[in-house]
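One chain comes next, on its own, written out as C-alpha cells in the form predicted on its own.
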Amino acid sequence: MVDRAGALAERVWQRYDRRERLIRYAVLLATMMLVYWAVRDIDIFWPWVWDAPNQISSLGARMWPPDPSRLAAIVNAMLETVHIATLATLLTIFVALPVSYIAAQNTTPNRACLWLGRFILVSSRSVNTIIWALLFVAIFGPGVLAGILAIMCRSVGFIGKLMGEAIEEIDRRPVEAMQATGASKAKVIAYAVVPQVMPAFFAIVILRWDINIRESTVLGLVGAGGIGVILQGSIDTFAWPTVATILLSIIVLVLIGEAITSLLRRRVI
C-alpha cells in the first residue's frame, strides 16, 4: 500500500515537473519572439552602431579638458535647478496629501472620491516630466515657472500613491477608539492617522526631492529653466569643453543631493 502511494506521488511529481518545464520553455520562447519582433520593427542604422566606439572616443577628446570659463553661470544655473526641485516638492505636498487621503480605501469618503483620487495619481505618473514641461512652456512660456509646475505634476502621482498606501496600512485600532469617543473626523485624522504616517511621509518627501533634483537638470532642454538651458546652448554651439564642465557639475550636484538626503533620512526618520 505504501509502495503504491509512493509510486502515485512520484507520477504526480513528474507530471508537475513536466508541466513546469513546459511553462518555462513557453515563457522563454515567447520572450525570444517578442525581442525578435521588437528588434525587427525598430529602424536602427547599424553602421552608426558599429561606429559608436569611434564617435565616443572622438567626442571625449573634444570634451577634454573641461572649460571652467563659464563656471559662475553654471553655478547660478545649478542653484536655479535646486530651487525648481525644492519649490516643486513643497507645492506637491499640498496637492498630493489630499489626493492620497481620498485615494486610500480606508479614508476615502466614497467610491467616487476613491476613483477620482486614483485617476489623478495615475494621470500624474503616466505623463513624463519632459511632456509636462513642454505643455507648461506652451502655456506660460519658457522659464522656471514651467519647470516647477512640470515637476509638481509629475511628483503628485509619486507622493500621492506612496502616501495612500501608507494610509491604507495604518493600525485601525486608534482610529476606531477615537471614533468611539465621538471625536470629529478632523481630530481622528490629526491624532490617529497623521502620527502613524509621519515617518513614511518624511521618507517619501525626502526621496522625491532627491529625484526632483535629477529631473530638474534636464528641464532646460525644453526651455523650462535650470542647468539644462546652458547645456542645450553649449551642445548647439559645439562647445564641448563647456558641456564637459556642465556634466561634471551635474554629477557633483547629484552626489551632494544624495548625501543631504541620506543625512536627512538618518536625522528625521
Partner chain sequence: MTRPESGAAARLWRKPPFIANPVLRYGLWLVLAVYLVWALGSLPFNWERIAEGLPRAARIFGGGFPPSFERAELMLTGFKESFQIAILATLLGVLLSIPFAVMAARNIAPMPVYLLGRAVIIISRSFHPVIVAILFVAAVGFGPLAGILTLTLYSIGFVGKLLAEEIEEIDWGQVEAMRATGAGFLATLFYAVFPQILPRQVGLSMYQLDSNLRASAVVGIVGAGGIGGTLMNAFGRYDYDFAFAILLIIIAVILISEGISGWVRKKIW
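The model shown is predicted, which means the values in this text are computed figures rather than measured ones. Just so we're on the same page, rigid core means the largest C-alpha set that superposes within 1.5 Å between forms. Numbering follows the first chain given and starts at 1.
Below, we turn to the form predicted in complex with its partner chain, even though it does not appear here.
K.L.:
Taking 4.5 Å between heavy atoms as the contact cutoff, choose which of 120, 144, 97, 74 touches its partner chain in the predicted bound form.
P.N.:
The residue from 120, 144, 97, 74 that makes the contact is 144.
K.L.:
Residue 217: heavy atom within 4.5 Å of its partner chain in the predicted bound form?
P.N.:
Looking in the predicted bound form, residue contacts with its partner chain include residue 217, since a heavy atom lies within 4.5 Å.
K.L.:
Using 4.5 Å between non-hydrogen atoms, is residue 44 touching its partner chain in the predicted bound form?
P.N.:
Heavy-atom contact with its partner chain at 4.5 Å: present for residue 44.
K.L.:
Spell out, yes or no, whether the shortest heavy atom distance between residue 256 and its partner chain in the predicted bound form is within 4.5 Å.
P.N.:
No, residue 256 stays farther than 4.5 Å from its partner chain in the predicted bound form.
K.L.:
Whether residue 230 contacts its partner chain in the predicted bound form should be assessed with a 4.5 Å heavy atom distance threshold; does it?
P.N.:
It does not: once its partner chain is placed as it appears in the predicted bound form, residue 230 has no heavy atom within 4.5 Å of it.
K.L.:
May I ask you to list the residues of 104 to 141 that have any heavy atom within 4.5 angstroms of its partner chain in the predicted bound form, in sequence order?
P.N.:
Result: 122, 125, 126, 127, 128, 130, 131, 134, 135, 137, 138, 139, 140, 141.
K.L.:
Aligned on the rigid core, do the two forms place the Cα of residue 34 2 Å or more apart, comparing between the shown form and the other one?
P.N.:
Result for residue 34: yes, a 2 Å-plus shift.
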